[in-house]
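Following this are structure 1 and structure 2, which are two forms of one protein chain, each written alone as structure tokens.
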Structure 1
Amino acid sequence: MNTICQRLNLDYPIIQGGMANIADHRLAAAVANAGGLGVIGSGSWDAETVRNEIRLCRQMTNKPFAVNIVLLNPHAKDIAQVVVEEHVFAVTTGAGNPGQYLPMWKEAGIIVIPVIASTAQAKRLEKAGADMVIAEGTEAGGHIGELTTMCLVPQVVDAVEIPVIAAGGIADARGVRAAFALGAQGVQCGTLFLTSEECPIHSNYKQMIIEAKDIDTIVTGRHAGSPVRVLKNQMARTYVRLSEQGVDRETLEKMTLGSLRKAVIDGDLEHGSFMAGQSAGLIHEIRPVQEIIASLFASIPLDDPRLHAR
């Protein structure tokens, strides 16, 4: 069995979510040094910003790490070239089909791991040459699909031959064991790492997650066809109310302009867009990345074939 750990040279079969404009070189390096696959979340950055982040990450770790590319980013084509030029170990993708870049990445020896939300996507990308897929359920934070992790993961596992990583709603060892039971060979976590000591977001953002209950997330953008899961606050509630009243998309987009920055940098509790998954209700403290990852796998038997010998 060629495990995720063996294929990605990891101590633990975990990928850190490529959280746009949040997951910088500091978080990616911390996850890599702790034995997982750290991911630089390029979000809306331009290509040279991503190049700089890659080089800064290499100064902090000699372990493999990845870059997440949001394919809707107007700079996506240039970033796709930068990861080749910088000899990045792996790429994760979201918000689009990476098919046009796969031949270039594969020729460069880059491991390609798209995030998918349906079996059709998974099969199409397997055929195109993806090395593995991240099956992300609607419980996740940020941009989401509609299928739950519990339903999506086993169907994707049955549909493809390549390894499947489960994502969406996983924040403790119980979630890891459940993902394994569904047939996944590894997990991806995003919200959980937002409350790590190494995550460079405003303390208000971390505190909102720590204080969140099970019902404290809401999905904006459903009427516009671009659903995003965030923590409930004044901005999110107003957005959903206006959307349900039929307010035009342009007005809604103006309302959210710069809202992620307001959350990440300013910690604006009323007007920021605090992207987080439903697993926020399981997170109660700020911890170092090393401790977070170790706790996820502490109850997995040492001889489990999905893990390196520890």
Structure 2
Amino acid sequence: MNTICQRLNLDYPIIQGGMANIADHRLAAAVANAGGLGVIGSGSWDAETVRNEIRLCRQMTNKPFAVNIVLLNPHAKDIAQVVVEEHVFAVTTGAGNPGQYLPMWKEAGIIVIPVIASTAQAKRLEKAGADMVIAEGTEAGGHIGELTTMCLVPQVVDAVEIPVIAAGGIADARGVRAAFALGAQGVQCGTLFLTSEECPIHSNYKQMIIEAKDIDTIVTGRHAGSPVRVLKNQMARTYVRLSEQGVDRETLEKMTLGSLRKAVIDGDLEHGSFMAGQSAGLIHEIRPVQEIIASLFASIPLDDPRLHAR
């Protein structure tokens, strides 16, 4: 059986992206019930909100699920404690180094899966006790690194012994096969799940992704050292201008999270920040999570050891 499926008790080697302020217990439970690793994306929430989401998720599924922690969140330290108290099965992390929390999570028996954007980060976290890493290319939505999935994944596979999961740009079976050919043991998809029936975002957000073409995403915040990929709109252009004028990183991050709410809740096409990856151009319909996952793996012989080059 595929290593990821074995270690994470899954039917399919797929992890749902921990999409900030989007992936609540409803999406996480739907992915878990469909045989993937569902993830509660704690984004900019506080610790008690996360605790409540974990409990709500347990009411919707008996399957294991994870919590994603954005390390830029000022509440990250408290959330790191809550996942221990609530005996969460696994944690994924993003936008920073989770090294300081690893001893505490390992002690609690939590499976730790950091998202990394370079081989140096992967090696450091393997040494610190991470169980696997998600190597995320710059094709992804939201906060991103520099390297492409095509270049990052095989280099991370060569740099570490722990299983590697590929992310960034994967939204159909071709992407899954490519990830396996690069040596990954599984995939993480975010943008694809944004267009699931169960994803609790405004219908305008889903529609924007369905209509997006290959060139319809843009990276904001590069100047401020906090690159974030979003769908092109008025807000994105304003952000890029402010960033070029040298507005500080903290202000820009606050602005992004505030406008993310405008996208997610209000569906505000002009002022919202619609985080999405380059794979938006590959997605053409809204489908139930179960159908999305089954179609990704329908043509792939998961039990064939030759599938994963290493």
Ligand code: TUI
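Counting starts at 1 with the first residue of structure 1 and goes up one by one along its sequence. No experiment lies behind these values; they were computed from the predicted model shown. Superpose the two forms; the largest set of C-alphas matching within 1.5 Å is the rigid core.
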Go through 1 and 2 and tell me the one that is the form predicted on its own. 1
Taking the rigid core as reference, does Thr256 move its C-alpha 2 Å or further between the two structures? yes
For Met60, is the CA shift between the two structures at least 2 Å following rigid-core superposition? no
Rigid core aligned, does the Cα position of Ser243 differ by 2 Å or more between the two structures? yes
